[in-house]
Each structure stands twice: as structure tokens, then as C-alpha cells.
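Next up: just one chain, as C-alpha cells, the form predicted on its own.
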């Protein structure tokens, strides 16, 4: 038994040093960025399947573009515009397919009404959706994201004027404006469609970035940076923008699903890229006339379009939930 008159020594716990720096990164006490493998392992099984499907769609679209632009049709993918009894100058052969042919070893998903390979047209159609979605996301994140982050951080008269203009643009139906702009131009190219949809995507990204910037500007690490005399532009680019970007990226996944649907609708109405370039929308439009003879030619592009939109929504919703949890832990 210990003597009460003697001092008692208690074991000392080893305390890890607490970082007091204000910057971002692991040294500042903030969570480190996870690797791609770690992020994929965190996903639920449905989100993993959706991610794999999106990778296949993107990979197939790039593969199809390389086949045309770089290898001049040398890759093992059939010409999407090769018709029955139509001479293909690149291969020196006539088309060997039959109209509305059932799936076979030569045509995995069959052929359409003029004997064009359905699988090849689906893969090439993915390139149109990919370019339009990426362009819209790039315009939204770079232009809309920067404007929204700036006004959310600066506030004052700049915020009032800019957001008033954004509200006016959002008040006008975007789809009607899109149809009007596309109808005005006689040449409907992929570049024009992408630029118009990209420009119309800026206001929604601006509002999302502003809301996120307002919340982050009131966080402790931003207040501490201001207290030690950090320049406002340094705080904006080092503290606010890096924390707004994950929110915009997750929103871009969900917005891309809407963009794909809009492009498919324009293609179905004949207001997107011109034939014979294939898109999922114009494939559905052309196949609907023979739906009683072969429903598969309507089913395949509809299925690919639906799965792509569903996958974008699943992955985007998961990233939004993940970014919300990480933002709450800052």
C-alpha cells in the first residue's frame, strides 16, 4: 500500500502534437485526400456498377473516335454508316448486312432498317453525349463555379448585381431558348450544340457555387486566415475554391444526366447533330417507324440512354452525400 505522504506518479499519456496551421492538407489536421481505389471501395454495390457502366460508355466513345480519326477504320469496329449494297471505299467492300437483322456474330445487336450495325452506331453515339456533357460541365465548373465562388466570398454590390442577372436568365425557360438558338443556325454541328448547352449550364452552377462559398466563407479556418492578415485573393484561391470544387464536381455528375437527356431529346426532334452521324436520340427516332417489325432497334438505344442517365444520377448522388459529410467534418 502506498504511503499517503509520498507523491504519487501517474502515467503520462503520449499526446500527438496539434497542428495550428491554417492551410489545407494533412499537416493542418484536415483529412487527407483518398485515392481512387479507396473511393471505389467506399461505394455501395449499385454505385460501383454504375461507375463501371460509365467507364465502359466513355471508353467505347473514345475507342470509336480513335477508330475514325486516327486509325481510319482499321480497328475491329464496323462502320456505323455502312449500308446494304453500299460500297465502302475505305475497305473496298459492299455491306453484307440485311435490314432489321437479328443479333449475330457479325452484328452483335442486329442491324437497323438500312442494315447499319446497331452496336457500332450505339458506340459512336456515345461520343456525342460525352462531348456535350463534358462541355457543359467544363463551362459550369470553370465559368459558373468561379463566378459563384467569387460573389459568395466578396458579397456586397457585386453579388447583388451578378445574382440578379443570373436570376433573370434562370427565369427564362432554358429548353425553349436552346430550341430557338439551335433553330436559328442552319448548320447543326456538335461544336455548336455543345457550346449552346454549355453556356446555358453556367447559371445553375453559379448558384450552387455561391451557396457553397457562403457556407465555407464562415468556417473557422477562413476566419483564422483573415485574422492573421492573409490577403483576400490568397484565401479565395487557397481555402475557398478548393473546398467548393468537390461540391461542383458532384453536382456536375447529376447535371450531366440532365444534359444527356436534353441532347437525346434534341436528337429525337432532329435538332441536334445532322445525319448520318449517330446519336442515341436519332437512333430511337429512326427505329420507331419499324417498331412493329423489330422492337429491338428502339430498345437498345433506349436502354443505353436510360442506363447512362441512371448511372450518372447514382454516382452523382453518392458523391454529393460524400462531399456533404466531408464538409461537415471541416
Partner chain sequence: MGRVLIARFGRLLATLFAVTFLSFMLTSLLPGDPAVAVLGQDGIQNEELLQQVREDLGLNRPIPTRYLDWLGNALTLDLGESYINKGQDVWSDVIVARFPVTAQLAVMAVGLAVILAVPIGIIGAYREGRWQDSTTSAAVQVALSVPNFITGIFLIWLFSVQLGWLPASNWNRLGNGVVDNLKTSILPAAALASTQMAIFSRLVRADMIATLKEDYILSARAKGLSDSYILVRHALRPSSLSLMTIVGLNFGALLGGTVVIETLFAIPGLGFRLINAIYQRDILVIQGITVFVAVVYVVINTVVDLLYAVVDPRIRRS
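Just so you know, these numbers come straight off a predicted model, no measurement behind them. Residue numbers count along the first chain shown, from 1.
What comes next is about the form predicted together with the partner chain, which does not appear here.
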Practice item. Look up in the model of the complex whether residue 48 has a non-hydrogen atom within 4.5 angstroms of the partner chain, and give yes or no. Key: no
Point to revise | Contact of residue 228 with the partner chain in the model of the complex (heavy atom, 4.5 Å) | key: no
Check your understanding: Is residue 185 close enough to the partner chain in the model of the complex to count, meaning some heavy atom within 4.5 Å?
Key -> yes
**Study point:** in the model of the complex, residue 275 touching the partner chain (heavy atom, 4.5 Å)
**Key:** no
Review point. Candidate spot 265, 291 and 306, all three in 4.5 Å heavy atom range of the partner chain in the model of the complex?
Key: yes
Review point. Out of the stretches listed (135-143, 214-222, 166-174, 118-126), which one is close to the partner chain in the model of the complex, meaning heavy atoms within 4.5 Å?
Key: 166-174
Study note, to complete from the structure: Picking from 40, 299, 53, 63, the single residue whose non-hydrogen atoms come within 4.5 angstroms of the partner chain in the model of the complex is 299
Point to revise | Members of 261-280 lying within 4.5 angstroms of the partner chain, judged by heavy atom, in the model of the complex | key: 261, 264, 265, 268, 269, 270, 271
